[in-house]
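Listed next as C-alpha cells is one chain, alone, in the form predicted on its own.
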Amino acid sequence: MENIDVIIIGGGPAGLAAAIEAKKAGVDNLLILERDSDLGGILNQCIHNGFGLHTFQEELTGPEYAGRFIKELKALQIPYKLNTMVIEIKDKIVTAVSRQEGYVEYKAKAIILAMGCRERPRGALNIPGFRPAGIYSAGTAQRLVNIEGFMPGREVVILGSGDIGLIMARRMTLEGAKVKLVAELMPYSGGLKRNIVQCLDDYGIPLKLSHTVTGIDGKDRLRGVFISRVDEARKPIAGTEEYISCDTLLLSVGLIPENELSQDMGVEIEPLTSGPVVNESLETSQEGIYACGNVLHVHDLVDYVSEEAGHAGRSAAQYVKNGRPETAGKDIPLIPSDGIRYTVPRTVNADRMEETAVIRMRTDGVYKNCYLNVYFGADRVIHKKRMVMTPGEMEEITLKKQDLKAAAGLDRIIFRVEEQ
C-alpha cells in the first residue's frame, strides 16, 4: 500500500485547482485519481466561451480554461493517474480500480473530494409514455454534438432551464436544428440571466415558465411531446395541454453532486445541497477529509469552483503539515433564514479560518429591490443592496476573521433577505 500525503479524487476543475494549491502550500507527496481518460472533467465538452472572467480576466472556452490548469499542474510535476476509478474510501484508505494497474490501494493523510456532479435522469421526472429514441440529458447531447460530432435531432424541445439546457438551445440552433421552446416547471429560470439573454433571447427561442412535459408521443422514435401549464403546487392545470411536434427532447432538470463515495464513508450530507456538510476550512464531518466544487454544492461558474477548490487544497496542506489546530474559539453556526435556503459552509471558527471566509448561498425564490443582510446575533453587520436575487444565481458574502474575533460571545450568524 502506497502512502500519499494528499489524495484528490477527481481531475476536473476542482481537483486540478485543489492539487495546485496544495502543492504551492508545501505538499510534494500528492496524487490525483481521475476515472476518465483525460484531465479536465466536464470542461472538455464545453466548447462555448464565458469561462475564466474572474480567474484570468478574459473569456475562454472550457477546454482552454482546463488547459491553463493542466499546464500549471504539469509544470509543478504533480502526479495523476487516469482511467482510475475510486470504489471505496475507509479510514483514509483509498481503494481504486485502474485499467493499467488493476486493484490498487493508497493510504492518505488527507483526502480532497472533487468528484463533481451528474445530471438528474428522466426516471426522476415520472413523465408518462413510452421510452422512444430521441430523449437525452442536455449534457449527453452536448457531448454528442461537441465531442462525437453527432446531431441528436432536428426539431428540439428542452425541458428545464438549467445552464446546460440553455447553452444547448443555442448550440443546437447553430448546428441547424429548430429549438421549438424551453419549458420550465418553476416560475423562474434555473440558469444565469446572461445565458437566458445570449442563448434564448438572441435566437428568438421562447421560454415558457410554469410549464412541464406531461406526455411523450412516439414508441420507436419521439414524434412529439405534450406540455401543460402548472399551478402553484406544480401540478398540471386541466385544459392547458398542448402538443409540440419534435424528434428530440433534451432534459436539463438539475444536477446532483456525486456523493455515493462520501455517503459510504460516513460523511454527513446536507439534504438541501446533497453535498457534504463542511466548516470554514471545507473540512467535512470526518477529520482530514475535505470537499470542494460541484460535489459540495452545484456552482454557477467554474471560476468559483476553482477558487473554492484552491481553499480546500490549502486547508488539506495545512492539516498534513500541522494537524488539526487547537482552537480557543467555538464553531459558530451559520443560520439561513427568511429567503435563504442554505449556506456553504455551515459553520465557521475564527481560530481556523484564513483572513476571510467566503460564504455562498442560494435564495428560495425571486426577490427584487431587496437587501442581503447578515446578523451577528441581534446586530446587523452586513447590509448589501440587490436589485434581483433568484435561485439560479448563487450569492456570496465575505466574513472577516477580525470581525468574528471582535464579536465577543457570538453564538450564531444569521443570513436573511429583507425587501424594501
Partner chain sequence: MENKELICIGCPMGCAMTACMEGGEVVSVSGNTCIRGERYARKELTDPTRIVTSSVRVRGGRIPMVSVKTREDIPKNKIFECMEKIRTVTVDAPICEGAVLVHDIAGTGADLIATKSVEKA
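Note that the coordinates shown come from a computational prediction; the quantities given were computed from them, not determined experimentally. Residue numbers count along the first chain shown, from 1.
The next section is about a form of this same protein that is not shown, the form predicted together with its partner chain.
Quick one: find which of 273 to 281, 102 to 110, 194 to 202, 210 to 218 has residues within 4.5 Å of its partner chain in the predicted bound form by heavy atom distance. Among the candidates, contact is made by 194 to 202.
Does its partner chain come within 4.5 Å of any heavy atom of R171 in the predicted bound form? Yes, R171 lies within 4.5 Å of its partner chain in the predicted bound form.
Please check if I382 has a heavy atom lying within 4.5 Å of any heavy atom of its partner chain in the predicted bound form. Taking the distances in the predicted bound form, the answer for I382 is no, it never comes within 4.5 Å of its partner chain.
Q57 within 4.5 Å of its partner chain in the predicted bound form, heavy atoms: Q57 lies outside the contact set for its partner chain.
Would you classify G149 as touching its partner chain in the predicted bound form, given a 4.5 Å non-hydrogen atom cut-off? Result yes; G149 sits at the interface with its partner chain in the predicted bound form.
Are all three residues N3, E21 and D28 in contact with its partner chain in the predicted bound form, where contact means a non-hydrogen atom within 4.5 Å? Zero of three within 4.5 Å in the predicted bound form.
Ok, V145, V86, I332, V267: which has a heavy atom sitting within 4.5 Å of its partner chain in the predicted bound form? Among V145, V86, I332, V267, a heavy atom within 4.5 Å of its partner chain in the predicted bound form occurs only for V145.
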